[in-house]
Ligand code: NAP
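The chain below stands alone and is given in structure tokens; this is the form predicted on its own.
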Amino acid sequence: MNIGILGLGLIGGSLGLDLRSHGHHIIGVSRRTSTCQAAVAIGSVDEASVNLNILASAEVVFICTPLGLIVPTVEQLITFLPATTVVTDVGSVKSPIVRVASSLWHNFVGGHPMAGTAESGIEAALRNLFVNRPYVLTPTPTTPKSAITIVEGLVKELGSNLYYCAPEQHDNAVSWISHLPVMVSAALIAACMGEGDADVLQLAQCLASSGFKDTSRVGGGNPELGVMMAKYNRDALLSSLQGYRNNLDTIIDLIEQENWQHLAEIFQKNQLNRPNFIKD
């Protein structure tokens, strides 16, 4: 199968590595010639160009651009793609993208691979990045069954755990387990940097270990991605942030009241509930 990948960063590059290993012919597109050359050199794609029209022969196109560029990219693609081409994306927000993209292209299937690292760029591409990781498809009632079947077949080749849901359900779910942690983590780093005593701040930076590393990782990542999460999943994220703030206020009140019993009960419940979110 001829598969196009538009956007050769971590996700696009990793998709290329794995799909090419299954015998597909991978056609890449990037804004930079140097990225195209690097993608060919590492074996992520068979050919690559900065020109979109190279994708005219693709049977499936994965759009792996930043969130804000997905819909504009679809608008450009449809000027030369055959009507039979299936287009899918990897954006971490689905409702606004699926709503517009589906109206522009009949064979559009919303998708979101829940995988990644702290690194970015084609140099960060990894083989088997998606193995045993969730991959969500968000078809609508009007999405052609044939298009869904093609995308799900490719996802299964990646070794991912396939899930289906409505775009709105996806956005509500990821607001809790993906987008909220980014905002909380960012606030943690900013709060620490607000320490007024320079000596204490320096000591804290020297003493920071695995606990701070784990909780600060996503908040110290790609700034553009954090803003796009907030912009395109605004309502769901605000609801999750409010829920988080309510729980944080409760903990503050309990500490102020020295209500250690109630605080212990909260931690005990959290200890029991966390494994329901962590499947490793």
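Sequential numbering from 1, following the sequence displayed. It should be emphasised that the depicted structure is a prediction, and the values quoted were computed from it without experimental measurement.
The form predicted together with this ligand is left out here; the points below concern that form.
Out of the listed residues S160, T85, S92, S102, S92 is the one that sits within 4.5 Å of this ligand in the model of the complex by at least one heavy atom. Scanning S44, S240, T65, N233 against this ligand in the model of the complex with a 4.5 Å heavy atom cut-off leaves one residue, T65.
Residue heavy atoms within 4.5 Å of this ligand in the model of the complex occur in exactly one stretch of 243-251, 207-215, 53-61, 26-34, and that stretch is 26-34. Although the partner is absent here, L17 sits far enough away that none of its heavy atoms falls within 4.5 Å of this ligand in the model of the complex. This ligand in the model of the complex is not approached by A39, whose heavy atoms all lie more than 4.5 angstroms from it. In the model of the complex, this ligand sits within 4.5 Å of a heavy atom of P113. This ligand in the model of the complex is not approached by G153, whose heavy atoms all lie more than 4.5 angstroms from it. Each of L8, I11 and L69 is positioned with at least one heavy atom within 4.5 Å of this ligand in the model of the complex.
Contact residues in stretch 202-236 (any heavy atom within 4.5 Å of this ligand, taken in the model of the complex) are N222, L225.
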